[in-house]
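The structure tokens that follow cover one protein chain in two forms, given apart as structure 1 and structure 2.
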Structure 1
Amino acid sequence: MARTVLTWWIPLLILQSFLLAIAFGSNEVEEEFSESLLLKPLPDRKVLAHFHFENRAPPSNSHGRHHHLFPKAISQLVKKFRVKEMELSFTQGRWNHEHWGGYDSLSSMNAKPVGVELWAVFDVPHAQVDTSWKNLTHALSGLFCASINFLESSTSYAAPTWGFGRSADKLRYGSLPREAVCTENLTPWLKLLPCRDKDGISALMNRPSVYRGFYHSQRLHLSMVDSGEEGLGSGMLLEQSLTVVLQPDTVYDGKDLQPSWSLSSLFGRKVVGKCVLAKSSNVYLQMEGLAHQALWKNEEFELSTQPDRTLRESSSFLYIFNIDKSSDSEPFDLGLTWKLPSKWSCKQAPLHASRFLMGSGNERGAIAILLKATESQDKLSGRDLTNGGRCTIRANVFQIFPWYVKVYYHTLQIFVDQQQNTSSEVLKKINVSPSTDKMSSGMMEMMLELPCEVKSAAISIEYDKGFLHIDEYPPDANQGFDIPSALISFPDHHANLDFKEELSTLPLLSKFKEKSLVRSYTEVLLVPLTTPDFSMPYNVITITCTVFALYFGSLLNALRRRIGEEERFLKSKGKKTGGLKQLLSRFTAKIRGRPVESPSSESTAAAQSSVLSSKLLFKIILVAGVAAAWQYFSTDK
């Protein structure tokens, strides 16, 4: 009877639990994934391609949640190291702010320094921030096949307060300017996508096409989204973007026409369909410098495909293409053909920044940052007019100095329009963290307040070059040592695309509609340090071993030799060869007509042994003298 009851109750319990799971699961928001591609012709006859992928994981109160679209590896990093916000970028090439823009959302968020840049904000106590940072660098190093673990050293990262643009007391920042970027970093980055590079817009990422460009930067930004409800955890937002600047394969015909291009000519592939797991999949074409040409076919240019939607921005037009209907039989291959010459310029930041070294020699030098006014400076808005009605431009400067570059902060000099100014006039705020030899790097944060009519401003600071131990030099030490890029940000200026329409269903345009801080990175500096001759240790070891081998070899030979045995050996040898010698001596005596002499073998052996002993003694004295002289001259006095 009991077995019969159990047989009926077990299926009912399973069915009840299944129905409850469906009921509660229907209330939860599902994970979302979207993909998009932005194409933009540039004034210098190049084309910008910006891939953007967004993956959202909604808040959940479960501890062991199963992710359908969100990458599990990233979710484990967030939970294990309690990461609140993080950004990782791999960049090759330098962003050209003069021709590609510096006052737009795309350049402010995706123009990154050369090499690897990593910053993270942790939700842990202050005493555990450095430990979490080191563990995070090791995990990311294995995940992306890179040398990010080199950032675990306290000499490779810093803790900015306000100069980086984010006010967080648990922020850590580090960069590796010399890190090479290759397909080994792109492949694990693509594996985080639900469709990888097999389907959808990501299928356009042909490796040769991506890495032949003038600039490419793959970026990963992770942030936590608060649910606002009690007892419900935070959601996660993962943004992956790849920015590439390509040169179309066209032959210059001598005219001023911009080069025509298509997706197949840029990437060697076409879009044959969207990722089946993507909620939205769109391609955007942004055209700048157009007056009233909103049509996709006009007297200035012509598109190969009719757009599904056209948006007007203050200084550009945006054509939207939906690739849901593309397939193998009808692939999507957007093309742009120019008919008339067209010239335009991209918006630039209020000041163009460049950095360089001054001085010569291997002892000391100076670092200088030059800020030049741009052509669009007078048209920019958002200037600070609260300072007694005076128009000013605020600029924050953030720099990291390796410990072997010993900066003297008291030598800071500021020049405005080639006139030296006192620090109190221009420098409104400064935060300095001196470096410690082989322990921590130096950091400097400055806030400058310059007049709007400024033409140029320069900052210089002197430094001494330190000495490294021979074990601290990299394999290519003669190439020089890198100083990471400096960050110049303008807190009063924010860039965004001003669209009047509702764009909540288009993640990329919603991101560009938000205000982003205008900032730019300077060049990476290459500092030559005093480098030892790495071949000298080999030479010293070789000659020392040779001298010691000769000395001890001769000494052991002298100590182990027995003279009595040598004399008996020579006598026995003389007996064996005595007949032949006597025969030869008699023969020569008869020829010369002289009497035959028979020398005693004992005297001959004694003479030979004496000669050998004198030669041996001379060798021992010679080797001992050479060894003593070497020891005397090689010892430091």
Structure 2
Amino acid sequence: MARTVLTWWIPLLILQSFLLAIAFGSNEVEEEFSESLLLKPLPDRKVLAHFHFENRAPPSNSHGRHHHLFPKAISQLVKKFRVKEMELSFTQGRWNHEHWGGYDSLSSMNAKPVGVELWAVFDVPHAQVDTSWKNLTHALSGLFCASINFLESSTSYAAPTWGFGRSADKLRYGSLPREAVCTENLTPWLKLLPCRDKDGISALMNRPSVYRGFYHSQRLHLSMVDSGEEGLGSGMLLEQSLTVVLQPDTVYDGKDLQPSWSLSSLFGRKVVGKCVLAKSSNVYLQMEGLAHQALWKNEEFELSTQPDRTLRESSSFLYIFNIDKSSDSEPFDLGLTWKLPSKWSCKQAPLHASRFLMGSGNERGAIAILLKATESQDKLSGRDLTNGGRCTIRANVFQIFPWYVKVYYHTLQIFVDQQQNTSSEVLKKINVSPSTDKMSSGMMEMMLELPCEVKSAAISIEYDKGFLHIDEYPPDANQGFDIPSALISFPDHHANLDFKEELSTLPLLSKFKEKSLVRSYTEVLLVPLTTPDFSMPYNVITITCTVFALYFGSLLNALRRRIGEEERFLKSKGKKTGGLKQLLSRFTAKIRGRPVESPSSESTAAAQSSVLSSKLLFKIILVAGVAAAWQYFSTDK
């Protein structure tokens, strides 16, 4: 019987698989995966490595739930929570805007605040956005082994309107500055790649060398690509990038040369071939601000491998290497050897932003954001000359305040070149949503319009420190609390790499060719808050209750007391002496070995005390008896 069923079923299954294959074959657009690595020597003797993986799922309905290359976990996430766009980044270390650049696509996209940052745009009705956000944080938390679920509580996220640089009304933004980022976050991130870290460029990610760097930021950006066709769903584009800044090991040779390096010296590994599933697999080397020719061997430096292509940008050269040819026997190991000392500087954002705390003590303080003009500002082309010929720089400030930093918005002061300015001159737009205690975090969005010749601008705002319930403090309460980074963006300034060539086959470069908003994050601030005594709850409860019992009892006693009655009561007490009491007093006297005190009217006080003590004795015996009986019966059962 079973055999006959099998003989019927097997051909059917084979037929079905054929049908499926035909169905797939008919679909022309396929899922694409590409990998690339950008290397860039930095002016301060460091090297930047930017891994970029792009995974594109075309818009289609026929796939159903199945994907060839696109990670299923992410597509399920998108379908379930209807995420329109999302970015998650894990960062350790701080991006050095002065030396590593602040006005290029790389820094504006990949310089992220310390810890975890997550923002997402949803495609759900307004009322459901918060629920979707909460569910998304939980899902991501599980997916990336991080405490992203802490962003669930309404005190840790905000809904920016325009200050974030993306005007979407269903946007939620949250960040966790204290999250420690390590290899347990990288492993699940790598699992989303089709070749993981087994093959191709990602095989370079040797954990010790990646985490030894000065800065590393792993980023996951997900966006929906509208197909534009009716009936077809939207496609998904998943970009994963890892940016690391490494210090090549060098021996100082006294010639002030930039350090020479190779892939194997930076990562301890070589590329032994591309990921076979990748459509394109390239390594780029960007040499910035040098006055040399586009030769790969010149008097200044020398590359170990000949580039396949050289591109010229306005201020830099790009050498493109294809790693298709590399194999186990002939691994790809790009090296750069400097011959002459050289110096260059990176393009800077128009204003350099930093943030600090003012004041001392644990009661109040002030937060100040300082914007300093950078040297390269004059060379900038992105000025806005619309304002009646007056040259101005516009800057948006976006800042989230946790509720325990109680900000007084009326104390906002703006100083331009150390001169206090009335708000309306400089402050063009402000949007504030104040924080509610234990309910929601505060948010401030400001648009400043500063004159171009400004040297420095400072914003200061005062705050009171909140006092928390003992359960609300983290285990290391005395370490302090973090205020998330402020985001400064320059809406008139856009960064891009200016190529003349058509670059649709090179995903990373076509991405850099698009204009991106210049933005920079400030430092995370550590605010120490006062702590109560964590060992005191019982003491405080008992002492306070005792004081109130004292109040209630003594006041009621004062009200109740009637002196005349008391006198009469005492008199009547003095007259009568019960037989039992006499017996007891005799008994106690015998125990004490003293003669019986005759209860006389003179020593009423003594009699009273003996009566009191006998009463007390009786009560104690009674209570003890009851307790013993209770103990006996309760243990019996």
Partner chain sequence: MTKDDGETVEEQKKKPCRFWIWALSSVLFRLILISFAGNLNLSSRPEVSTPLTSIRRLAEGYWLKQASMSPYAGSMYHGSPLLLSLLGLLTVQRIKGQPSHLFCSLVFVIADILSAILLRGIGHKLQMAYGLNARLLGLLKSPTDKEGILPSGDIAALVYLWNPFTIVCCVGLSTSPIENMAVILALNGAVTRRVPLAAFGLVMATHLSLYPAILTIPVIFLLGYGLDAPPLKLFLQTRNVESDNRSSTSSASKQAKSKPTAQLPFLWRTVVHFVFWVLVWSLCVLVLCGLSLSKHGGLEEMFKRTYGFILSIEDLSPNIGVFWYFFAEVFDFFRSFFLIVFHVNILFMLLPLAIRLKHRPCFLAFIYLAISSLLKSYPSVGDSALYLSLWALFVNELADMKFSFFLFCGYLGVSLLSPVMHNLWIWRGTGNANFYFGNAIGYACFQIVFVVESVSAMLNHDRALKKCNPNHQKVKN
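Numbers given to residues start at 1 and step along the sequence of structure 1. Remember, it's a predicted structure, so these values are computed and weren't measured experimentally. We call the rigid core whatever largest set of C-alpha positions still superposes within 1.5 Å between the two forms.
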Identity of the form predicted alone among structures 1 and 2: 1
Residue 553 C-alpha shift between structures 1 and 2 of 2 Å or more, rigid core reference: yes
